[in-house]
Every structure is written in C-alpha cells, then in structure tokens.
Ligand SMILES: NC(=O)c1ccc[n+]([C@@H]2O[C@H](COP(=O)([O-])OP(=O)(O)OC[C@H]3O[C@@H](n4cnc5c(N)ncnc54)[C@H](OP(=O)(O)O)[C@@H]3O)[C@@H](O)[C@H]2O)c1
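Here we start with a single chain on its own, the form predicted on its own, put down as structure tokens.
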C-alpha cells in the first residue's frame, strides 16, 4: 500500500470515528489517527493540541485525505455558558487549527480532500419545510455553531483542498450516540412521544454514515455541504413507534414539552422539541447506495432487538 493512501482521522475513538477507522484498511487506505496530546507525554505518531494551536503531521505525510470528526458531545452536558464555550472550541477553533496546518503543508503532502462532520442543526427549527443543501441557514445555537464550524475550514479550501461538510442527522447505533441513550427507557416500556411528537427526526444508520464519509474521499465532483441523512425521515412519534415495535415494547408514555424545557433548558428545546425534515439531495444526485433507507429495516439490521 502506498503512503499516498494515508487518511488522517480526527475523533478516531468516537462512535463514528471507530467505525470509519475499522473500514478504511478494507478500502485500501492506511488509517492514521490524529492523537490528542495530553499532559507532558508526546505521542509518537501524528498528534495535535488544539488549545495550543499545535499540529504535528509529519508521521502521516503525504496525505490522501483527512476525515475530521473531532468535537465534544453535543448532548453530553447541559448547555451552560461554559459548556457552549467547550462545544465551540472543540469544533470551530479546532477545525481552524487543523485547516491552517493542512494549508501550510507543501503541496505534494497536502490532502486532496478534507471530509468533515457537521450537523443538520445548521438549518434551525423549520417545521415541515423540506430542507436540502441549498436551504438557508437557520437560527439558534446549533445553527450558529454548525455555520461557524464549516466556515472554520476556509484556510484548507483557500489552499486548494476540496472540503466536504457532511451534515449528519442522528447517527443510529445501539453502541453509542442518541439511540443508545434511548434504548434503556424504551426497553422498560417508558418510551413515547416527546412534546407533541410532530417534530421531524432525520437519521442515518451508522453503516451508511461510514459509507458516506468513505465515498466522499474519492468524489472529486462533490464539495461543500452534503446532507448525511437517510431518505426515510419520520416525525418523532412515528420514530418512537418504530423503535417500540423493534423492541416489542409499548410506547404510550408521553414526555410533556414543559418537562423537557425544565429539565434540559435550551438544549432540550433544540435537540428534543425541534426537528429538521432533511433530504439527502446530493447523495441522491451521485446515486449513493443506501443500505438502510427506512427505519423499519435499519433498526433490526444494526442490532436493535
């Protein structure tokens, strides 16, 4: 395998990063995780220290592509002022640091592409409006965060690196993310609609999310935003019903909107009570072969039983 097939991966230990890292060798690539420097010890491979603005890429060069997934968990903690700062630093500031480092490389070592994660939260809460990559940005914390996150890659774009921002919906896996958190209450028969249950849930099964990122490495005709969602968007009450059916459990216990707001504040309003009806228009255009386009088939296939 030539070194020109090196793919640098940030966030390689997360749910999506782990799955992508496991798939890359089978696709003919050498996966090189960009490790975080912690404390006094320095990793022996490629590493970075985003708060310090330090990136060491020599062990990874030359690069074919960069898959950039790093970022603190959106729903891991309540959105205090301090937590919002962490979310911005881990996405916006870290992306800018990485993009500047890539742009500073000699042209022969620069990656052809940078495929970065983003989120459909960039569209804000738009009710039942059908949202494509041509739709305008929305309002709210997530919309501003995602917009600034994508803009932070500009130094890489300016250096001639093709940048693709995969705007992910809810990535479904029983091993992590939002679905893992849902499984326990749903298995106990405590699942149901949230608020009025009419908010749209745009999702993608983990194997398809991995496939989208790997596909984007070689698609020289694709750049800019790509909606990383399955075609089968559902309203939340229908999503809950499908999950309950997969688990053979009732889904009759509603969670009132007021309770969500009291417990989770702004985070609950944007993540649980709002939604986006997103269409993967650019994936349709390149005829991306979704393995799991519909939730009914996706849930048992990924191990939800």
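Computed from a predicted model, the values in this text were never measured in an experiment. If you superpose the two forms and keep the largest set of C-alpha atoms that fall within 1.5 Å, you have the rigid core. Positions refer to the first chain, counted from 1.
Although not depicted, the form predicted together with the ligand is the subject of the following passage.
Highlighted residues 193, 255 and 268: none comes within 4.5 Å of the ligand in the predicted bound form, counting any heavy atom. When the ligand is considered in the predicted bound form, residue 286 lies well away from it, no heavy atom lying within 4.5 Å. The ligand is not shown here, and in the predicted bound form it never comes within 4.5 Å of any heavy atom of residue 237. Although the partner is absent here, residue 30 is not a contact residue: none of its heavy atoms lies within 4.5 angstroms of the ligand in the predicted bound form. The ligand in the predicted bound form comes within 4.5 Å of no heavy atom belonging to residue 123.
Between the ligand and the residues 222, 74, 159, 183, the one pair within 4.5 Å by heavy atoms in the predicted bound form involves 74.
A single residue from the set 201, 171, 102, 131 has any heavy atom within 4.5 angstroms of the ligand in the predicted bound form; that residue is 171. In summary, the region of this chain contacting the ligand in the predicted bound form, judged by heavy atoms within 4.5 Å and restricted to 278-286, 21-29, 7-15, 291-299, corresponds to 7-15. Of the residues in 91-130, those that come within 4.5 Å of the ligand in the predicted bound form through at least one heavy atom are, in sequence order, 91, 117, 118, 119. Once both forms are fitted on their rigid core, the CA atom of residue 248 lies less than 2 Å apart between the shown form and the other one.
Once you line up the core between the shown form and the other one, the Cα of residue 54 stays within less than 2 Å of where it was.
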